[in-house]
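Starting off, we have a lone chain in the form predicted on its own, written out as structure tokens.
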Amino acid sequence: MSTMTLAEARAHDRKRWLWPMGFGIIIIVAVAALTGWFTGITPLIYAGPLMVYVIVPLLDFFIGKDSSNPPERVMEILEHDPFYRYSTYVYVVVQMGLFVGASAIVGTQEMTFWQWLGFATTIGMLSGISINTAHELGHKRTWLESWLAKIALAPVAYGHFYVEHNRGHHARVATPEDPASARMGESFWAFLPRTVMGSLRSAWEIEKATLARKGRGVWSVHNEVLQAWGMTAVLWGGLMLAFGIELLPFLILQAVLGASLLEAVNYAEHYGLLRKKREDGRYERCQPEHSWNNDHIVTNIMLFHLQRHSDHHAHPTRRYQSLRHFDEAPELPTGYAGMIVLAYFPPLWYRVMDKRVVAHYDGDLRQANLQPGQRARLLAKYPPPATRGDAVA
């Protein structure tokens, strides 16, 4: 690999020097929260939710999109450029430092309820964003990145995601059997318990079957779900040993908030989209049209190109800097950050997204992934083309 070739490849990544802002954003949030703590300006301690729910969606709106793709001739070079790997490694180190630091403050300092709640919500937002870094690392095939993924999941107690996402979601995406694929007509608040419990059961069953094929029992040190949960137990236990058992409510609340933030993103990624079944009963291969995509720059920087979700499902081990935009993929109206806010208000979500699902399937919702209890209502509200023709005839 020549210096000129590497330089050429780097020149094709217009966001190259923005990627470290992935961990830069969480540092900015932490500095704002600490400033609020030291100065007594309590609203600043809520920098996490302000960043996720207000600032990033506004920046997405004003800064806009970047739909450029790296040329095929530089893809392999970009894949092996260590700069991009190091950005994710540093992210995990920064995340863990902020998590431990915030736990120390909450566990040892006197504060009002509103200050405590501010730290819990801010760290919860950072923990939720960090699950995406675990997602990026967890798809890679190196020992270091696999363990960094599990470490990044430890603060939010969501280590089973490592197993379920890679071996469950990617196999069943955009099907009724996938607990992480939302159905049209299913509110986020109905999706949340279904995906949390379904993903947990799926991860356990997947790992149980994997170990059985290797002649090992499920209660084994080789069980990756137990390994990940064990990391959370050690981390939380160590923090409570150091800073007091009173830290437990803070740890639980930030974990709940972080996990729900992840699931709000999951809700948006495949809402209403369905892979067709072939004659042999298997589902067709996942295609770009089975994921909602978006190219708003700020959220893509914050989430390491997660919004180029179609290419991720086509090439799960491809690193974030090489993921491509597809014109044929359905497009969300704004970045994931804005869609999360919308998901919390089902009437608004349905008003914005249902018509997009209808348009994606050319008016025929029989091809969509519909919530079973809402199927008749949705088909009556959006009659398939043949039904309209029959009515006219």
Partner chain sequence: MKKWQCIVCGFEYDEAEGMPDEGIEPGTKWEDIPDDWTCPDCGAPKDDFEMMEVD
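Everything numeric in this text was worked out from a predicted model, so none of it was measured. Positions refer to the first chain, counted from 1.
Below: the form predicted in complex with its partner chain, not depicted.
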- Query: Just to confirm, Thr112 within 4.5 Å of its partner chain in the predicted bound form by heavy atoms?
  - Reply: no
- Message: in the predicted bound form, is there a heavy atom of its partner chain that lies within 4.5 Å of any heavy atom of Asp280, even though the partner is absent here?
- Response: yes
- Query: Does its partner chain come within 4.5 Å of any heavy atom of His170 in the predicted bound form?
  - Reply: yes
- With the cut-off set at 4.5 Å between non-hydrogen atoms, does Ala314 touch its partner chain in the predicted bound form? yes
- Query: Want to guess which of 112-120, 145-153, 306-314, 186-194 is within 4.5 Å of its partner chain in the predicted bound form, heavy atoms only?
  - Reply: 306-314
- Message: For the three residues Arg141, Arg213 and Arg275, which mark the spot I'm curious about, does each lie within 4.5 Å of its partner chain in the predicted bound form through at least one heavy atom?
- Response: yes
- Partner-free chain; cross-checking its partner chain in the predicted bound form, the single residue of Ser322, Ser260, Asn166, Ser87 with a heavy atom within 4.5 Å is Asn166
